[in-house]
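Let's start with one chain on its own, the form predicted on its own, as structure tokens.
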Amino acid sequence: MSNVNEMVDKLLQELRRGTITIAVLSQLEKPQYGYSLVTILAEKGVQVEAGTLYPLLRRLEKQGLLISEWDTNEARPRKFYLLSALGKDVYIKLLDEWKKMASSMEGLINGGGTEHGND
């Protein structure tokens, strides 16, 4: 049974790796800082380690999908991230693709099909 659990853990990591970007983008229509994102995502059932999130935020910012700004008004400065115009466009397209994939997977899992391949 531990082989099953180990295999499931590895496959879940791969699955999460592929979905974390869209999960993060989905929460950045309003400015968020790293810890607030970790908390929001956890409350919605998406566990993200800070060591995974911060490099992802830096990568998305470097790709032009996010903009960031430091808030130094509080005792502890925080870097807030927000979707850029490009990030909003990319997120909308990713969301559309996600919905198509989810629909296809639902058809595969339930033995039916979707408009993309039901014979």
Partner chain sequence: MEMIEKYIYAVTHRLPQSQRADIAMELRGLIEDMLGERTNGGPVAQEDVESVLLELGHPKDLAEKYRGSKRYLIGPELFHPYITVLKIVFFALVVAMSVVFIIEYMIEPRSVVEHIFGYVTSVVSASMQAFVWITVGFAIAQYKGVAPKAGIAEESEKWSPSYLPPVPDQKKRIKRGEAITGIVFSILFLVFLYSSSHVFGVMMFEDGELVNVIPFLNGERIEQFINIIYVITVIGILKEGLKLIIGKWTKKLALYNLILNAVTLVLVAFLFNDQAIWNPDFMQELNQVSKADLNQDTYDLIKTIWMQSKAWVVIGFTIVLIIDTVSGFYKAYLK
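Small disclaimer: the values here were computed from a predicted structure and weren't measured. Numbering follows the first chain given and starts at 1.
There is another form of this protein, the form predicted together with the partner chain, and it is not shown here; the text below is about that form.
Undergrad: Applying a 4.5 Å heavy atom distance criterion, does Ala50 contact the partner chain in the predicted bound form?
TA: Yes.
Undergrad: If we define contact as a non-hydrogen atom of the residue within 4.5 angstroms of the partner, is Gly64 a contact of the partner chain in the predicted bound form?
TA: Although the partner chain is absent here, Gly64 would stay clear of it in the predicted bound form, with no heavy atoms inside 4.5 Å.
Undergrad: In the predicted bound form, does Lys79 have a heavy atom within 4.5 Å of the partner chain?
TA: Output for Lys79 is yes: heavy atoms within 4.5 Å of the partner chain.
Undergrad: Just to confirm, Arg59 within 4.5 Å of the partner chain in the predicted bound form by heavy atoms?
TA: Answer yes; at least one heavy atom of Arg59 falls within 4.5 Å of the partner chain in the predicted bound form.
Undergrad: Of 14-35, which residues get within 4.5 Å of the partner chain in the predicted bound form if you count heavy atoms?
TA: Contacting residues: Tyr33, Tyr35.
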